[in-house]
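Consider the single chain below, provided in structure tokens and representing the form predicted alone.
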Amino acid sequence: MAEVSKTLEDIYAAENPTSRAQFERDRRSMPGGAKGAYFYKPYPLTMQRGEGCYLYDVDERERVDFANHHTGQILGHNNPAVNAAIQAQLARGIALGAPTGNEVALAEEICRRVESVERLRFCNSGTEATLHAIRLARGFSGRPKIAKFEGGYHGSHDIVEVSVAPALDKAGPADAPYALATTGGTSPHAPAEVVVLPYNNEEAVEELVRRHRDELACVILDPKAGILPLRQEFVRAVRRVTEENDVLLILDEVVGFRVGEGGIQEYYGISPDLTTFGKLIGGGFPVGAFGGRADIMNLFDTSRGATGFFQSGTFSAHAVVMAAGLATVRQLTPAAFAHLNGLGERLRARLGALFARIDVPAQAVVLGSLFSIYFTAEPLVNYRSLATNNGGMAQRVFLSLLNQGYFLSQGLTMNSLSLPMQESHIDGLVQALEQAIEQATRL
């Protein structure tokens, strides 16, 4: 297999010399040459521009974009309405140090779409959104700990950087996972403040939440849309268990909000206490938001006097970001979601037929316009089953797809569709994937 990878890397290097030169330059001033999410072997492409569902790199090669900037570019690239909104705000001013009206228009649109969100605050990233939502839950409840799911990613602050990708030989029992720091430099106290829950196991979740209810401020749940198939019964059970034990539920919709007009909570039929948002609501700019029940969110309402709570940020609710986000969300009509989710269903069917035909253990998870591809025969029910994925195979297939003109996320997880795509793009990807799997196994 090393020879296969080398051959694919040779093809890649021969076709992308300018990106290689750029990467070598990047490494002289930035550690690793690119942030971790952008790096893949042998070196990442440097992109020059995007148009619709296509990316164009510095070697002037065109690729269909199925990564969409970590799922955030739901309208594709260079959307005319988003560009017009940005230009209009630039003409009025960039950073005015006061409300501009854009922020309330976007907040009203999100509150209208998501029934559980009565009040909303903006910040600068999904990380900030979960940080503030958790802090708010702790303050409102007066309890110190949180519960999160093993394998759940909620950003890069210490308390959620626990058991995101733990080594299986150190992770403890499947029904009561250990809390393990994910990255170096994490506060040594962070794991002790986290109860780790297993996905798709109602009985274990109920037992752990009940056992720790007197110290739990909240359960934070990322439904892992397009990454891990969660049963509707399980998600509803999490909501029931938190209500019965008087523990707040934070639903992380930073990715899942693109599933439908009312977000992934509408898909699962639940009403969380707080919800976090990011990615697509910024129209391609850095953004985060969190909102929910008025009685909780009103702890940030200091217009009637001090509450002991505070949330701000120099660039939170930035006028240009809000303009771009509003122009994006307004284009996400029922017809737009029908188109996106219809393409997702076509992709699910085509991938299912392909994987049933070939002699390679592979499966896809598709929800709405989000999808992941795994090379494992293990039923996908939790983080530990996802960890059986053949990462080497996934990397070879990823590289082959790049060589064929298809840009997916590295590892082939958390991919997405964009509104400009048509059925031909879905069919082209499936055809390229079949060739990529053949190359990865036989070249």
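Owing to the predicted nature of the structure, the values given are computational and were not obtained by experimental measurement. The numbering used is simple: start at 1 and walk along the sequence shown.
Unshown form predicted in complex with a small molecule; subsequent notes refer to it.
Enquirer: Find the only residue in Y153, F355, Y268, F337 having a heavy atom within 4.5 Å of the small molecule in the model of the complex.
Expert: None of the other options qualify; the answer is Y153.
Enquirer: Looking at V254, C123, I74, V247, which has any heavy atom no more than 4.5 Å from the small molecule in the model of the complex?
Expert: Contact check passes for V254.
Enquirer: Evaluate M414 for contact with the small molecule in the model of the complex, applying a 4.5 angstroms cut-off between non-hydrogen atoms, and reply yes or no.
Expert: Yes.
Enquirer: Would K279 sit within 4.5 Å of the small molecule in the model of the complex, counting heavy atoms only?
Expert: Close contact exists here: in the model of the complex, K279 approaches the small molecule to within 4.5 Å, heavy atoms only.
Enquirer: Hey, in the model of the complex, does T127 get a heavy atom within 4.5 angstroms of the small molecule?
Expert: Within the cut-off, so yes.
Enquirer: With the partner left out of view, is D273 within 4.5 angstroms of the small molecule in the model of the complex by any non-hydrogen atom?
Expert: Answer no; every heavy atom of D273 is more than 4.5 Å from the small molecule in the model of the complex.
Enquirer: Within 4.5 angstroms, counting heavy atoms, which one of the listed stretches 292 to 300, 230 to 238, 161 to 169, 254 to 262 is next to the small molecule in the model of the complex?
Expert: Stretch with heavy atoms near the partner: 254 to 262.
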